[in-house]
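In structure tokens, one chain follows: the form predicted alone.
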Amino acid sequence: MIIGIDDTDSKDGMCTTYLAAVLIEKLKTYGTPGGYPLLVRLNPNIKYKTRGNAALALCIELNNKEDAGKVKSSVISTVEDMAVFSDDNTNPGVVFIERTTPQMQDDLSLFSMRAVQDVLKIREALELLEKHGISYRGYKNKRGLIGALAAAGFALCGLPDFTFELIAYREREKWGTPRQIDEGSVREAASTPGTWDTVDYENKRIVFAPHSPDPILFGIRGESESAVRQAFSKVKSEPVERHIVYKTNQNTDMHLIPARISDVRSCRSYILEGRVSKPPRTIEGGHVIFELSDGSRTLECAAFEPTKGFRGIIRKLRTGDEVTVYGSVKDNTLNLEKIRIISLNTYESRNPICCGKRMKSMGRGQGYRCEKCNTKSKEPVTEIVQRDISPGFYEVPPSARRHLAKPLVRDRMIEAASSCARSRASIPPACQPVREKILF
């Protein structure tokens, strides 16, 4: 049985991942977990989301088919007991997949990916549930069924890319109080190979612990279970009630859609290529904005104030620079998550030089004149200028990173692992190291 759950928390507390962690313990009576629990981040631009827009999926291999009804009852009673129904924006949904067909897999594979990249309607989830005879329970306006079905769909069909997160939860009496975590131990944990976004070194901030009054103490993200567990073992903190390792689509860039500017719609996330058509400007609030053109359409791109030092990179762009931008679109503006500078415009039109000084413009279209000798020139000169920025990738700091955005360090880890695998393949089998088995 696959169980999908969504929308049980609120901005003021609770967490769907904690509800799932509680359920994992309860459901051991009826069977064994079928793999990792899934933590699926959905479209980050949905206005109805509470905090991180996460949905959960659990797989359980039942001891007896007759226990299916008991599992459903246990899940439903737990949701009804723990979900924050008092919040107007909390609309829980639960689905139970007990059998599957090729058509169901095809439909859910498409639906699940759309839930990460697109904006879905409640009726679309209800139509799929009815079409395939999937058991479900929806509360209030039933919006949580979208995420619940999407998470269950990924559990059924698999994630195209994934990472891991170990989430540690607080004892109930500590909820809503300041978190007690030793900063030195966090910095030690942050150095664990295969992990990231535990500390924002540039801005001198610990970023793996939330500040909201929910049950989460902290979360450690990484490329493998062994990496996040190793980092977890180094953290000194207040007592941990329980901890769970989730398989997740976090830090995968799964939300990004390659497109042209003419294809852009609000509340979606894109990868767009083009040239800087208007230079960066800083507006009130410290936000930095430039205009991108792909030859047919233009779009404003913004590095907002929370991205801190990243704005300094954006300020160095010039008209004519060729770039690829990554981010979410809202109100006809792309919120930058990272940028790739492909090529730099190193040429600039400037006033001609005469008598050791720049000539003065005589007005639009009237040319230039030397103030000393009165020599005139009709055209500006093109000069090569030095740039204090280089082609390559640049990203926002961890403190401003969205859950789904892939950090550049992960790309480097993947490339290093691939290179290592290629090297091992060239070594005779008898010489290859024995890898330790990890039991799940």
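Computed from a predicted structure; not experimentally measured. Counting begins at 1, following the sequence as shown.
FYI, the form predicted together with a small molecule isn't displayed, but the following is about it.
*Asks:* Looking at K376, K70, K49, R387, which is the one with a non-hydrogen atom within 4.5 Å of the small molecule in the predicted bound form?
*Replies:* Exactly one residue meets the criterion: K49.
*Asks:* Since exactly one of M104, L120, V79, L317 fits, which has a heavy atom within 4.5 Å of the small molecule in the predicted bound form?
*Replies:* Selected residue: L120.
*Asks:* Classify I339 as contacting or not contacting the small molecule in the predicted bound form by the rule of any non-hydrogen atom within 4.5 angstroms, answering yes or no.
*Replies:* Output for I339 is no: heavy atoms all beyond 4.5 Å of the small molecule.
*Asks:* Consider L404 of the chain shown here, and say whether it contacts the small molecule in the predicted bound form, taking contact as heavy atoms within 4.5 Å.
*Replies:* L404 lies outside the contact set for the small molecule.
*Asks:* Examine R114 and determine whether its closest non-hydrogen atom to the small molecule in the predicted bound form is within 4.5 angstroms.
*Replies:* Residue-level check for R114: yes, a contact with the small molecule.
*Asks:* Classify R137 as contacting or not contacting the small molecule in the predicted bound form by the rule of any non-hydrogen atom within 4.5 angstroms, answering yes or no.
*Replies:* No, R137 is distant from the partner.
*Asks:* Taking 4.5 angstroms as the heavy atom distance cut-off, pick the stretch from 179-187, 220-228, 146-154, 255-263 that is near the small molecule in the predicted bound form.
*Replies:* One stretch meets the cut-off, namely 146-154.
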